[in-house]
Structures are given as structure tokens and as C-alpha cells.
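Only one chain is shown below, in C-alpha cells, and it's the form predicted alone.
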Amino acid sequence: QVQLVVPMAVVFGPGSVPGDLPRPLPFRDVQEMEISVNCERPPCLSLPRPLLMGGLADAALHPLQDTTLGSLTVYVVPETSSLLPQGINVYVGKHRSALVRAVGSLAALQARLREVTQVMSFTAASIAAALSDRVPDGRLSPDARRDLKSSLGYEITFSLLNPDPKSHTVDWDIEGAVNRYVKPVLDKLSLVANFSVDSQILYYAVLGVTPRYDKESSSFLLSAHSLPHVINPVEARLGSSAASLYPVLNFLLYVPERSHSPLYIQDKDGAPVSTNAFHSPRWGGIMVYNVEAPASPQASFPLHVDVDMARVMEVFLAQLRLLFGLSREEVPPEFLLEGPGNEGLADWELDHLLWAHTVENIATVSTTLTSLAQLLDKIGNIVIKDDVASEVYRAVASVQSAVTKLSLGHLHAAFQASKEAVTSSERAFFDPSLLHLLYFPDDQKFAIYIPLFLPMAVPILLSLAKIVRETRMRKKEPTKMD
């Protein structure tokens, strides 16, 4: 079993201490919860959550709290405190702290703290999503397989699609937008993986789906059931994933051709999508950017279009959060979450990614080493070189270190160890000395050499049979006596 430990420091303000709280303070309490995801391998997870209670309320939250990755600080305020709005019992900041309204008993407070921990660290759904590729089909919801899988790096490609350059000359300041809006997000995500960003402009690139004209609104519509057919024709023009070693995230800005303008996207209920965009899990997103028709019918073409990059990047960053599984929809109604600001994600959301990717990395290493062991059992004449063996030992040691660090609540160290384990295990499995045995086993040797040697062996075998017959016939002939 893998234990995930979330250290939580709970600070009580004056008048917020439950009457049945043990004395003296501080004291340590451990709350455990076991989550079963019906996984085949690795084994299911047991998730203890230690809660360290005690201390004194302090108005200066962030400078005094523990900023260690994976740790949480909760400040309990009196039940009548005006720091929280009416009807709000929990306020979650953009760092690793939260304000919680006091309740009467210790048991009720522990239940509320458990909800805070699930929102700010991990849940059964997030762990199940991290292990979705190793859980049998039918035991998870379809949404559990939508998040991006853990990788050492990601490539982000921003593409501007102009299918009608004779009508529109589109100008987008993608470099300035990336530096202003995307770079702060990627700087924070650099703890998770390495990111590279590029951009391109594609002319005469159409969506591949003919939109439906609506007479009432005098516009063209793309229904929800036609959206899956949009991606394949466009992806053939992108060409970004052909030579990529890492997963590619595509963000496309589509300026409709003049004959299909304005173009709007509908949801499943037939209502227009407010952002006029949609995203595809593990692939990216597409936004339709309509151009206002010229006021004068004598306007000259092509029209010059300046793209509002602030509006576009707001949509693309929201889609990036969805691709990584960072959604704030499943939050209790009495919770109030502060916006992430210019960084695009809160500190505790970064921890959320690290928890999920660490568990997924451990499972990946387990699967890779198991596959390598099965390969060794099938091929008896395989030779393991010293460097391959050292990579296997290093992977085992790193994954054991990651499991140990998780049980101690050291999230950052556990994640780094899991990344090293993934790197070592893949180096061992894809070593060139093993690949030729993997793709050229003994049965293929027989299939190749039998057609070569069989024609040569038939005359030899027939000659040997003739010699044997002649020898036997000589022995049977009577000996002549003079």
C-alpha cells in the first residue's frame, strides 16, 4: 500500500477552540481514510491525513505559514467572525492556507477539515484519474480518463487558422501574449514538467465541417455532435506531433472565412457557448474568433484584423487548466475560493498536480519493470548488460524512496524521486541491447532461416537416403565364391 500524507497545521483564534479539544495544546491527531480504486496494479492506496492542531490565531497568514509543497495551514475563526461572508464556512486562498469557521465539537471540526483537505490536496477521483490506465474498463467514469497523463515534458503549440486570407489579414501578437499571460503559468508549472512553446499561422486551413446556416440569427452554427469531426482535418495540417517526444497541446484560433461568418458553437442543449470555444481532452482546444462585417459595402479587402489577445488567452488558459484536470466545479457550496491571479493556478492546485503525477509515476514504474521482468522470462537467452542492470536498480531505489517520502509528507522530494524512477525504468526497458531481442525473438529466427536452408537441405537429405539404401542392398547381395 502507498500512503499519501498531508501535513496540516490548524491554528485557533480566540473564541474558536472546541470545548472537547484535548489539553494541553498543541497535540497531534491522525485521521485516516482508505480509498479503493479497484486497480489491478499497483495495489490500492491507503491515505492517512495527519492533522497537527494547536497554536494561536494570527492575522498575518502567508508570511507565517508553512510554504512546503503539500502542506496546509488552516486558521479557525470564531463562528460569529465577520472575516467570512454570510453563508460561507470555508475560505480557500491562493496559497496553502484556508480560513474555517468554528463549529461546536471537535468531531464536526474534523469533518470540515477533511473537506478542506480533499479540496486542497487530492480526492478519490483525482487518484483514480491518475491510475485510470491501470483500472479495468467499466470501473471508472469516462471523465476519469480525460486528464493529461504525467510526462517529463509538454509542447504547447498556438496556431492561427486563416482559411480566407483574401478577405482577412489577421495580426496577432502571440509573442507578447505568451510572455504576458502564458509564461507566469508555465513558470509555476515548471515544477511539474518542462514546457516548450511555439506558434504558427496556417492559411487556407478549414475546419472540415460545413456549418449550418440559421435564418433567425443570420449566422452559421456548429452543433455539439459535429465538433469531434472538426479536429481530424485540422490536425493533419498542424504537423506538430509528428516529431515530438512529448505530448503536444494544441490551441487553435480560427478566424472563419467570409462566406461562413459569423460562426458560433452550440452546446448539447443547442444554446450558444459563451466563449465560442471547445476543448478536446488530452489534445487541446479551438476558439472561433469572429470578425465584424464591414459597415460599408464598398469596403476594400482584405480587412485588417487585430486579435484581442487578452480575450483569447483567457480562454486558452482556462482550457489548459481543464486539460490538466484543474477544475473548481466540484466544490461544496459553503466554500469560497480565491482566484489564482496572474499565475493561472493557486499553490494548492500545483500540489494537486504533484500528488496525482507522483502516484501515476510510481504506477508507471511498476508497470514498466513488471513488463521488463516478463520479457526476461520469455526470452531465455537474453543478456542483461551492466548499465541496464544499474538502471533497474536505480529505478527500484528511486521508487522506494518516493513511496517513503510520500509516507512522510515530503511531496516535492517524492515527486523528484518518482521522476528519476520513470527515467531509469524507461532507459532500461528501451535499451538498444534489449530492443533487438524484443522485436527479433527465436520464433522469428526460425521463420527467416527455414526458407533459406530447407531447399539446401532437401538434396542433401535425399543423397544421404540414397547412400543408406545402396549400403543396405550391398549387404543383402550373396557373396560369390570362386
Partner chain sequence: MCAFASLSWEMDQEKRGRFHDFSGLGFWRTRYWGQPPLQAPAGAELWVWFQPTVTDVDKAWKELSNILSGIFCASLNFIDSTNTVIPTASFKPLGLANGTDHHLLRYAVLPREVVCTENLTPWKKLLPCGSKAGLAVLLKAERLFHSSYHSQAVHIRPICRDASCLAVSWELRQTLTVVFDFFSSGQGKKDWSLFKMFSRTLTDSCPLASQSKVYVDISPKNKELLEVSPPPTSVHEAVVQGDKKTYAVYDLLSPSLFNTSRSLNVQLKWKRPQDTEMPIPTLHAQRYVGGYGLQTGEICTLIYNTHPYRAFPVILLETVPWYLRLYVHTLTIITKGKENKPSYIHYQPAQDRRRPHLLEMLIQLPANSVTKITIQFERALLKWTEYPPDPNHGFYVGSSVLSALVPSVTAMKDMDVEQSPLFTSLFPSSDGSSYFVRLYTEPLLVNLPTPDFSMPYNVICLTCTVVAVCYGSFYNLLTRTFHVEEPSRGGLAKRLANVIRKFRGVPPL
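Numbering follows the first chain given and starts at 1. Just so you know, these numbers come straight off a predicted model, no measurement behind them.
One more form of this protein, predicted together with the partner chain, exists but is not displayed; see below.
Name the single residue among Gln400, Ser244, Asn290, Ser407 that comes within 4.5 Å of the partner chain in the predicted bound form, judging by heavy atoms.
It is Ser244.
Heavy atom within 4.5 Å of the partner chain in the predicted bound form: which of Arg237, His260, Arg394, Arg114?
Of the candidates Arg237, His260, Arg394, Arg114, Arg237 is the one lying within 4.5 Å of the partner chain in the predicted bound form.
is_contact(Tyr213, the partner chain) in the predicted bound form, heavy atom dist at most 4.5 Å:
So Tyr213 does not count as contacting the partner chain.
Closest heavy atom of Lys166 to the partner chain in the predicted bound form, within 4.5 Å or not?
Residue-level check for Lys166: yes, a contact with the partner chain.
Interface membership of Leu202, the partner chain in the predicted bound form, 4.5 Å heavy atom rule:
Although the partner chain is absent here, Leu202 would touch it in the predicted bound form, with heavy atoms inside 4.5 Å.
Spell out, yes or no, whether the shortest heavy atom distance between Gln110 and the partner chain in the predicted bound form is within 4.5 Å.
The answer is no: Gln110 has no heavy atom within 4.5 Å of the partner chain.
Pick from 120-128, 100-108, 229-237, 351-359: which stretch has non-hydrogen atoms within 4.5 Å of the partner chain in the predicted bound form?
Correct option: 229-237.
At 4.5 Å, heavy atom to heavy atom, what parts of 96-123 sit next to the partner chain in the predicted bound form? List them in sequence order, or say none.
Residues within 4.5 Å: none in this stretch.
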